[in-house]
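What follows is one chain in structure tokens, specifically the form predicted on its own.
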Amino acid sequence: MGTLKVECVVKEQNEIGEGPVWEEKDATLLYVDIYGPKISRWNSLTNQIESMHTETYVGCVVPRRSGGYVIGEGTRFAAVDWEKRAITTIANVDTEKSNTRFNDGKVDPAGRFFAGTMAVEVRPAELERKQGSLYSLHPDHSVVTHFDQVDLSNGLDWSTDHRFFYYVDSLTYMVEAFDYDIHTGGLANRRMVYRLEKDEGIPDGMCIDAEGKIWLACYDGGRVVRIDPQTGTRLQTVKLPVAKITSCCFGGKDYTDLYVTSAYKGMDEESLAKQPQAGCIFKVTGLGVKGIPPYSFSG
């Protein structure tokens, strides 16, 4: 393990930076600002940021195998043509509700796009309960509803052997696991993996490393924690200079860098003065572990 180093790399502040994805071919970090609302790409080689505004709250963005991206925006899955700056609807969800939006999402190893919804917040983490659901968009553009009664659908990822699906409904303050059927995308046998301690804040986005351990962003906790999902124990804590940590992903050369997004929404002037980097994106090096490349939507 090298010397741990935390560096602010994307200095353009996001109200709620979220859903980072490393794009290996361009050495860029793809992410969203939910309330921007916009999708951005930060080039790690040139330090340039390219952004594209969306029509409404954008919860997540993923690469698409055929080119461009797919987003969970408002209550629709939509295709993004980055070159033409065009967005087209693929499928709508939550059609009987008027107050929900997509939040975090990720592509499974078979190319399905999983993303969940939540009620639109009154204030950060203050919202109508049990309004959300977890969905998956399949390559044929059909949508499967996995379960509803979700408060705040958030971080998600799969075990390295694809047998387990890990999931966060933030207001339960825990990480859960399901048995996963990679052939059908089906979930079964829901159970708790890890419950956050009081000072760790609210569980937010997450990612998996090559050793199968979970890296969990702790909103209002100012940290990312590494968890062993087999034993439910916390293995490591990485503190960051801002409190509202939203998500993380591995990237960089050989996927040895951890990129961490953050938010400033809901902070007053006094808090912002104490945390001038709130809403920026950080790079953590020297962790001694690698991540795995992200999957692309195959539809």
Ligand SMILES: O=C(O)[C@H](O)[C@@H](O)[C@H](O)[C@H](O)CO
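Numbering starts at 1 and runs along the sequence shown. The model shown is predicted, which means the values in this text are computed figures rather than measured ones.
Just so you know, the form predicted together with the ligand exists too; it's not on screen, but the next bit is about it.
Enquirer: Is it the case that E24, T28 and P63 all touch the ligand in the model of the complex, with a non-hydrogen atom of each within 4.5 angstroms?
Expert: Checked in the model of the complex: no contact with the ligand for any of the three.
Enquirer: Only one of A125, A210, A110, A86 comes within 4.5 Å of the ligand in the model of the complex by heavy atoms, so just point that one out.
Expert: Answer to the contact question: A125.
Enquirer: Considering the ligand in the model of the complex, which of Y135, F165, F77, Y219 comes within 4.5 Å of it through any heavy atom?
Expert: Selected residue: Y219.
Enquirer: Report the stretch among 221-229, 182-190, 147-155, 90-98 that approaches the ligand in the model of the complex to within 4.5 Å, counting heavy atoms only.
Expert: One stretch meets the cut-off, namely 147-155.
Enquirer: How about E121: is it within 4.5 Å of the ligand in the model of the complex, going by heavy atoms?
Expert: Close contact exists here: in the model of the complex, E121 approaches the ligand to within 4.5 Å, heavy atoms only.
Enquirer: Heavy atom to heavy atom, is I34 within 4.5 Å of the ligand in the model of the complex?
Expert: Result yes; I34 sits at the interface with the ligand in the model of the complex.
Enquirer: Verify the contact flag for L196: yes if a non-hydrogen atom of it lies within 4.5 Å of a non-hydrogen atom of the ligand in the model of the complex, no if not.
Expert: No.
Enquirer: Does the ligand come within 4.5 Å of any heavy atom of S170 in the model of the complex?
Expert: Residue-level check for S170: yes, a contact with the ligand.
Enquirer: Scan 7-34 and write down, in order along the chain, each residue with a heavy atom lying within 4.5 Å of the ligand in the model of the complex.
Expert: Those in contact are I16, E18, I34.
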